[in-house]
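Form predicted alone, single chain, as structure tokens, below.
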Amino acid sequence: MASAKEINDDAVVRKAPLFSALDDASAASLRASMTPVKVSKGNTLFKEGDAGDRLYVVVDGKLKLGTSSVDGRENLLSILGPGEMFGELSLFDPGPRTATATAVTDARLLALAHDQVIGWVTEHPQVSLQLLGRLAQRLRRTNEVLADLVFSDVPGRVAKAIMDLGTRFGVQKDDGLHVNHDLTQEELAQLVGASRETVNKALADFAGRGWVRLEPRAVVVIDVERLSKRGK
């Protein structure tokens, strides 16, 4: 009999685009063919430029995808959590990794080699539609980020980032929406494409207005409506 942890893991994995179009039997078979991977907090799963030969599904924990410039500056592309998938880009466009994946917390993943993915796509055409949908979402998200960098000020980008993290990782409690993003101040600044000082100033302003309460690597959103409006 499956344990509560195994049942929860199954529910999380089924949210990934690779699994969501499959029936229970096919999903169980696919998961059985995947390799469990553990990454400790702060460790790198793969680096920008590495050969991309497999995709990953996050079972537990958080990872960040980022790039570095020639002068050492870093930019965070996204934060990934349970049920999310990454590394599938090279399935459609074989080539080196376009980002570095690092564990923000201890994380458990499932890995699938791309030659195995091709077999599943061939046998289950509906999976290809899910994967294409995932790529379309990524492109849309990239367009939104570019637009925000051009048209939104830093406080607006910070507000939008907090609400996005809150939607994905937040827990609603009596005193507000607890957003345990697990990011350092520098990482949060990299996520919105601004300096740490400017981001800290924006957060302090939100706190002064009573919209949020700041905690170590977390934010409690007290006034969701006002912070959401500021991020638009």
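Each residue number is its position in the shown sequence, starting from 1. Note that this is a predicted model, so its numbers are computed, not measured.
Beyond what is shown, the protein has a form predicted in complex with a small molecule; the following relates to that form.
> Please pick, from L89, A111, V117, V154, the one residue with any non-hydrogen atom lying within 4.5 angstroms of the small molecule in the predicted complex.
None of the other options qualify; the answer is L89.
> Here the chain is shown alone; which of L65, L188, V58, L30 has a heavy atom within 4.5 Å of the small molecule in the predicted complex?
Here the answer is residue option L65.
> Okay, which stretch from 120 to 128, 74 to 82, 102 to 110, 158 to 166 lines the small molecule in the predicted complex, with non-hydrogen atoms inside 4.5 Å?
Looking at the partner contacts, the answer comes out as 74 to 82.
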